[in-house]
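Below sits a lone chain in structure tokens, taken as the form predicted on its own.
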Amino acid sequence: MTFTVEPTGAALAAEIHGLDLARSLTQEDAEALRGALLEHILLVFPGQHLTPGQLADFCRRFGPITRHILDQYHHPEEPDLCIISNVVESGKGRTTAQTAGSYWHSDLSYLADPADVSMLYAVEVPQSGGDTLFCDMYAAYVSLSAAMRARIAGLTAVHNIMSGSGADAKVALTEAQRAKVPDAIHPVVQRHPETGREALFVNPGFTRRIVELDAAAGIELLTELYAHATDARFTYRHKWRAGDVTLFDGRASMHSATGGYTSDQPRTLWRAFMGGSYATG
């Protein structure tokens, strides 16, 4: 292994030092990174300088890439990457009332086959604000009371891209896009296929309802679970630096943009979504 792993000391996340992601990973390093990701949930690679092609090649080491439904934001040089930006003049900037992604969510949970791993790469960052929060859904689950764990065992939830919170931070879908993302149903508690650990798998951004409960009871339960999962003891706040690459395991985490910067401060990230081991068919 040619790199070092430095845990942040927070509930999750570690920084990776000694790797230039513009160069192809050795098989040994790729396997070691996978192990570090499974252990720490979130990996941060500071100081990277990558072309779209180099970044996409790195991402593919963690599984096939699923292109985002918002194809108008695909990177013009590498459509496996998607752009999140407030720079309207670029032609890829978003004009939602709230910052894009400023709600707790797990990427692509609204698909029958959600992403295993996500990547975000900071191309340009504001002078202040623009942080991203992450939370550990393993820890959130195991810290629930025994009574709550028994209560949610066997429950399933409906996920939809336009459901839940964050309506002011979401881009409206065209009819063609909407047709590609029907409701998906997933267990409220998932067993991670690689670690064997159980984690909560509901999120405010995309979870619509609990299948087995009436609307009021379902909302009450989800609200309680969200408040618990996003408690500060389970979270890590990432303060972006230009050149940061993050990899995170969506099967064991949620994340949320925080905003806090003005429209005249450019913020541009590239992102990708890899793998898919939670398919429900």
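Numbers follow the displayed sequence, beginning with 1. Given the structure is predicted, the values throughout are model-derived calculations rather than measurements.
Unshown form predicted in complex with a small molecule; subsequent notes refer to it.
Participant: Against the small molecule in the predicted complex, would T132 count as a contact residue? Criterion: heavy atoms within 4.5 Å.
Facilitator: Output for T132 is yes: heavy atoms within 4.5 Å of the small molecule.
Participant: Could you confirm whether C82 comes within 4.5 Å of the small molecule in the predicted complex, counting heavy atoms only?
Facilitator: C82 lies outside the contact set for the small molecule.
Participant: In the predicted complex, does H255 have a heavy atom within 4.5 Å of the small molecule?
Facilitator: Yes, contact at 4.5 Å.
Participant: Does any part of K170 reach within 4.5 Å of the small molecule in the predicted complex? Heavy atoms only, please.
Facilitator: No - in the predicted complex, heavy atoms of K170 and the small molecule never come within 4.5 Å of each other.
Participant: Just one of L108, L120, I210, L200 has a heavy atom within 4.5 angstroms of the small molecule in the predicted complex, so which one?
Facilitator: Exactly one residue meets the criterion: L120.
Participant: If contact means a heavy atom within 4.5 Å, which one of 70 to 78, 138 to 146, 97 to 105, 121 to 129 is the stretch that engages the small molecule in the predicted complex?
Facilitator: Looking at the other structure, the answer is 97 to 105.
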